[in-house]
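Coming up is one lone chain in structure tokens, specifically the form predicted on its own.
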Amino acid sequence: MTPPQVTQTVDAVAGAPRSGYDADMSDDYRQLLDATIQHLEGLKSRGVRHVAIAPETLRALAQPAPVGKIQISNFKSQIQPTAPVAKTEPVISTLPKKTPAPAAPPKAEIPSPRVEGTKASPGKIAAFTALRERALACIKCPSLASSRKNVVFGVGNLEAKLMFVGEAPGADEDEQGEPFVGKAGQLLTKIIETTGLSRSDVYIANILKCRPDTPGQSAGNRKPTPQEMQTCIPFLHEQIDLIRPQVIVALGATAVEGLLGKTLGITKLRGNWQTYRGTPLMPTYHPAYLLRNQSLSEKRRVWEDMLAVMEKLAMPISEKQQNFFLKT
């Protein structure tokens, strides 16, 4: 027999007492709470005001943090929205009316984080997986959520010493759900390989996880707005905090602006070491710039930036690498 359900307001469930929510809480229990609250907030943003929840589930949320693995999906499956309540009910009448946000597009299947040649801990992999799932479900920018094909979370090695940060996905990235896979991405791959590394050795992400919408345009890209960057960048901050790279390469002015808040222009900043929360950061030109400007001098400037990165990482530099893109 199906256990009886109790109708609760979304606010009430989200605010249920959570004893033990402190530094001693297990990572699994903390992830459960965060995921449950986010799930409820998502329902609330879509206009849901009540959920049906089994009494034992609500009691479980009020218990001290348990030890061991917790299946977040089990709790989510037990928290389901009910039909709207009549407006005469007091709890509804006290809430302001909200225009329902657009429903999130279907989740795209994005490959799990690659960890070739590394020993990323199960905890780090689990934290990254949970972070990616939150990003996939994000609808904080309604225009981007409604126009995107895929959330472009990021890809690479969770133990990478080197991390590249770009601006935002383009059409190819939006189509495939992976950053830097178009022409600019192919050039970035060549740059990485020229240092002696591969894409599986580094981690690649963007300031924005969704392609900026271009209404009325059949092609082309646009720069993310400051509001879009401010809304999305917490995902990137968490990625960096989990990976803890030794060096970050910011590709283009928008990446520098998003990470450091500096708007001096990439021409003035490139080649000069900056610091992101204690991590050395090298600003350089975006690969798309080199596709537009094929001059040997500009290629050399980018390569000199990469030589500085290799030196910072104590990577071996051959004489051949040292002389790339120099006039003969």
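Quantities reported herein were computed from a predicted structural model and do not represent experimental measurements. Residues carry their position along the shown sequence, with the first being 1.
Not on display, but discussed next: the form predicted together with uracil.
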In the model of the complex, the residue from 154, 166, 245, 258 with a non-hydrogen atom within 4.5 Å of uracil is 166
**OP:** Answer yes if any heavy atom of residue 270 is within 4.5 Å of a heavy atom of uracil in the model of the complex; otherwise answer no.
**Re:** no
Mark residue 301 yes when one of its heavy atoms lies within 4.5 Å of a heavy atom of uracil in the model of the complex, and no otherwise. no
* Asked: Quick one: does residue 180 come within 4.5 Å of uracil in the model of the complex, counting heavy atoms only?
  -> yes
Within 4.5 Å of uracil in the model of the complex, heavy atom basis, the matching stretch of 166-174, 232-240, 122-130, 136-144 is 166-174
Contacts from 270-296 to uracil in the model of the complex (any heavy atom within 4.5 Å), listed N to C, are 286
